[in-house]
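First comes one chain, alone, set out as structure tokens in the form predicted on its own.
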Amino acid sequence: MTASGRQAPSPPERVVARYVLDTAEAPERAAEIIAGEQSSGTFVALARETKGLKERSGAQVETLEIVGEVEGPGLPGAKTGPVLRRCVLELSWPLANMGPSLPNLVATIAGNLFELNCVAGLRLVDLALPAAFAERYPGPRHGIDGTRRLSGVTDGPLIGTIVKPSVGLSPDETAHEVAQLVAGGIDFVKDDELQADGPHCPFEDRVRAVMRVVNEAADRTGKKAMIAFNLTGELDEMRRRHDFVVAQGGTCVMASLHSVGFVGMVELARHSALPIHAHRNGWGYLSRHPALGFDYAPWQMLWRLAGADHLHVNGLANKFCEDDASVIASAQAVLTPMFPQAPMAAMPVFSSGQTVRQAAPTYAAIGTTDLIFAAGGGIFGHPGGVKAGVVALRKAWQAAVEGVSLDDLARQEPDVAAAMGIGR
């Protein structure tokens, strides 16, 4: 059970995926086409696709419910008709089709079915996996508990930020920015996902310069900020960069999930002695159209299996296109255990336009402080400077937990009052 009290679901014996399907075909026919394409069938009957083979290896239509009609047109290339029916379709596959293999699981549940011309819209909205996946993939090696241990933050959220400008700073300039944050009492700092190993800021030079600042501060104060260095690259590069971070005393690494892929993430997690801060850049192309792609809940399950310790969920009142209900549902998904025997706990990361104003509604919605709360402008934009920005965020979260309103807090705390004007 997580800190928010969520129970792990009982694992099924088969892989089960639920979709929202729009189709101009008869829904029963469309469901059978999808099931066949993603298992033993093709566009014509085959002599060797016997009844026994279908029973053994075919995908099954578990449920099909027509929930309404939608206006066309559907996806480009889809069959058209006088009406598109919207359905909830649940398919299942025998584990033996792909084995407990994450890359082949994805090919099965999120492969060619998106391209079928009977599909005018298709979105993966839920996923349940057999326990064999937990046995093969241990998931996050550090998660919430390991992140708290390595950061030294035992209570409350980790107050974090992003190095800005995203790119263009030299290693020494980056270290100067981090030095201000460390002096201000920051818990967590991450590279921007665009900052990797370019010639203007080589990875090793940046890590060396930043960790010199972090280690010196830790020697003085006993507090060691967690820095997520972006090591995104090819497999050997990521392993080498990880080892360099460890040698310099670092406590976190970061990877762009869609850039390194499932195999890259699995291999990095197997190698890593540090928490992996998993960045979801590119998530929009999988999710932004409501009739295509993924919901966050099944997507994050796959990456937790692969070994992500921290997963971005956006933030309330963010600068992107996602509404608050979607952000909260994403955070709750990350905090929900995956298997009874293997909860695979990961830490949600709230970011994008976050200030003191989001602390109370975020806590009210998810009921836990097991999270990273990353604010860029909410810290660097504070009129009193970086330290005042960090202090204001920490006080706002403490007040949220204690049930003190932000307005009441601001009347007593000038730093909080000043922070309430950021972005207004």
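Just so it is clear, the structure is predicted and the values come from calculations on it, not from any experiment. The numbering used is simple: start at 1 and walk along the sequence shown.
The same protein also exists as the form predicted in complex with another copy of the chain; that form is not shown, yet it is the one meant from here on.
### Task
Can you work out whether another copy of the chain is within 4.5 angstroms of a heavy atom in all three of G139, A247 and I328 in the predicted bound form?
No: none of G139, A247 and I328 comes within 4.5 Å of another copy of the chain in the predicted bound form.
### Query
Only one of V88, A179, L150, L235 has a non-hydrogen atom within 4.5 angstroms of another copy of the chain in the predicted bound form; which is it?
The option sitting close enough to the partner is L235.
### Task
Would you mind picking the one in S272, T336, S352, S92 that has a heavy atom within 4.5 Å of another copy of the chain in the predicted bound form?
Of the listed residues, the single hit is S352.
### Query
So in the predicted bound form, does any heavy atom of T369 sit within 4.5 Å of another copy of the chain?
T369: no, not in contact with another copy of the chain in the predicted bound form.
### Query
Quick one: does N112 come within 4.5 Å of another copy of the chain in the predicted bound form, counting heavy atoms only?
Result yes; N112 sits at the interface with another copy of the chain in the predicted bound form.
#### Entry: V263 within 4.5 Å of another copy of the chain in the predicted bound form, heavy atoms
Yes - in the predicted bound form, heavy atoms of V263 and another copy of the chain come within 4.5 Å of each other.
#### Entry: Partner proximity in the predicted bound form: D295 to another copy of the chain, non-hydrogen atom cutoff 4.5 Å
Residue-level check for D295: no, no contact with another copy of the chain.
### Task
From the candidate stretches 316-324, 139-147, 341-349, 215-223, select the single one in contact with another copy of the chain in the predicted bound form, where contact means a heavy atom within 4.5 Å.
Correct option: 316-324.
### Query
Does any residue in 279-317 get within 4.5 Å of another copy of the chain in the predicted bound form, counting heavy atoms only, and if so which ones?
Read in sequence order, the residues that approach another copy of the chain (within 4.5 Å, in the predicted bound form) are H279, R280, N281, G282, W283, G284, Y285, L286, R288, H289, P290, L292, G293, F294, N314.
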